[in-house]
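To begin, one chain is listed below as structure tokens, in the form predicted on its own.
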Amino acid sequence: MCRIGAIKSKVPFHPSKALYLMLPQQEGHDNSGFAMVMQDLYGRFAEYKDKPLLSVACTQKGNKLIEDFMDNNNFNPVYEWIPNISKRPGLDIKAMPYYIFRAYDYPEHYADTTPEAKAELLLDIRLALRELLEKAGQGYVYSFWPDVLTLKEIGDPRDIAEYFGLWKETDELTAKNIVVQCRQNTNYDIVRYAAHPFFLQGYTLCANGENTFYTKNKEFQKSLHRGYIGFESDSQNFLYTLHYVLHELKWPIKYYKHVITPLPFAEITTRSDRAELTAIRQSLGHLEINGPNTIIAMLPSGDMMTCCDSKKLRPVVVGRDENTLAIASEVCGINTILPDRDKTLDIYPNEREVVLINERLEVERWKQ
């Protein structure tokens, strides 16, 4: 059973806070990896929020492939941050030679295009870079999106954090939103793309559990969108369905829960919205999930959400103080980073609701 977490704050904070959220939950992970997605960046990236940021782990040859490809596609680099890594012997990390976080200007002919056109361009570029590096066996591209940084690595989370200097709290790398998991994929091969959180066009998601409808989901999703690829983990299905419901169908988020854990037909017939819920079951039945799981997601707006499977077989808790809200699999993680909060206000979402946290840290709870 995995452990997952997220932090949303009114003030920028350092990634070490996310590490302290996860470490008390160590019995729920196996020291096989660490990954995080940071959104609403400050520090070094504060001046580049409108620039697409490429997050890459690669070889020297892979970096040259990326540079040539981006130049040929009229993307000009405007800023680059390369972490100062630790050389201490004995660290448990399967490190890549290079980790690059590089911001670009859009091509000139995209300067006046719509946000939708830019979003499609960034997806196409990321997919092309992924294919390029995969064929050459030279690296991994995790995200290419404005104001988003993604880091994934295999090894012990403590050692990974030391390797990247994440224990030392500075103003260099901060954000207002972070989603994190300290475990690699355990049902399939250990590969970096399989590590949560997953990212697609501004949508971030991690999950605790498993999806026994993985094959059914995968085969249907492959026909829905060019961005639904890889399927290195059954939890990627959750992200692709979230993207499809909100980005492609443009439905309200409350319907995401109805798609992944639909109500029984007998209950649907008693509802005032039975026509909509029946249509969902009839048209999107292949996106239903099954098995024990909890989901934490972050939306392009910066809003965060969490929900559980239809039987609530995996735990999740939401806690907050005046400036910071955290979501975690176990309350011990929240106790570590928010020890002085009012614990009576903690929320333990049930199997029939979606909990959404907006930019003002206001909590909305929608019953299915």
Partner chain sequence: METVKMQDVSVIDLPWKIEYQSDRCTMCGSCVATCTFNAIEAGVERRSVTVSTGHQPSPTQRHSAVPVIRQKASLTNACVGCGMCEKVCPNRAIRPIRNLDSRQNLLARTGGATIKRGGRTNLNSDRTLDKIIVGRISQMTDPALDSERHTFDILAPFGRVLSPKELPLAAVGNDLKLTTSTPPVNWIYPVIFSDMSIGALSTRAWEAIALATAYLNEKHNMPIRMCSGEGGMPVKLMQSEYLKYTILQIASGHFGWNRIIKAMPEMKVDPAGILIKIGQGAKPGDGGLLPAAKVAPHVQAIRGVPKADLMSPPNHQGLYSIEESVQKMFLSMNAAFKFRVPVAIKCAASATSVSVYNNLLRDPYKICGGFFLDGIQGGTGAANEVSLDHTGHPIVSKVRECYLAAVKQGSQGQIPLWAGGGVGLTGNAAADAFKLLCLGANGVFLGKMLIQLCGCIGNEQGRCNSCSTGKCPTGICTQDPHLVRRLDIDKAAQNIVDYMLALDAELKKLMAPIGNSTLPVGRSDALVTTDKAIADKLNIQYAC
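Remember, predicted model here, so these are calculated numbers, not experimental data. Residue numbers count along the first chain shown, from 1.
One more form of this protein, predicted in complex with its partner chain, exists but is not displayed; see below.
Here the chain stands alone, but in the predicted complex its contact with its partner chain, taken as any heavy atom within 4.5 Å, falls in 254 to 262 among 129 to 137, 254 to 262, 98 to 106, 163 to 171. The shortest heavy atom separation between residue 248 and its partner chain in the predicted complex is within 4.5 Å. With a 4.5 Å cutoff on heavy atoms, residue 220 counts as touching its partner chain in the predicted complex. The closest non-hydrogen atom of residue 279 lies within 4.5 Å of its partner chain in the predicted complex. Using a 4.5 angstroms threshold between heavy atoms, residue 94 stays clear of its partner chain in the predicted complex. For the options 275, 117, 111, 82, the residue carrying a heavy atom within 4.5 angstroms of its partner chain in the predicted complex is 275. The contact residue chosen from 154, 284, 200, 242 relative to its partner chain in the predicted complex is 284, the criterion being a non-hydrogen atom within 4.5 angstroms. Contacts to its partner chain in the predicted complex (heavy atom within 4.5 Å) from stretch 197 to 213: 210, 212, 213.
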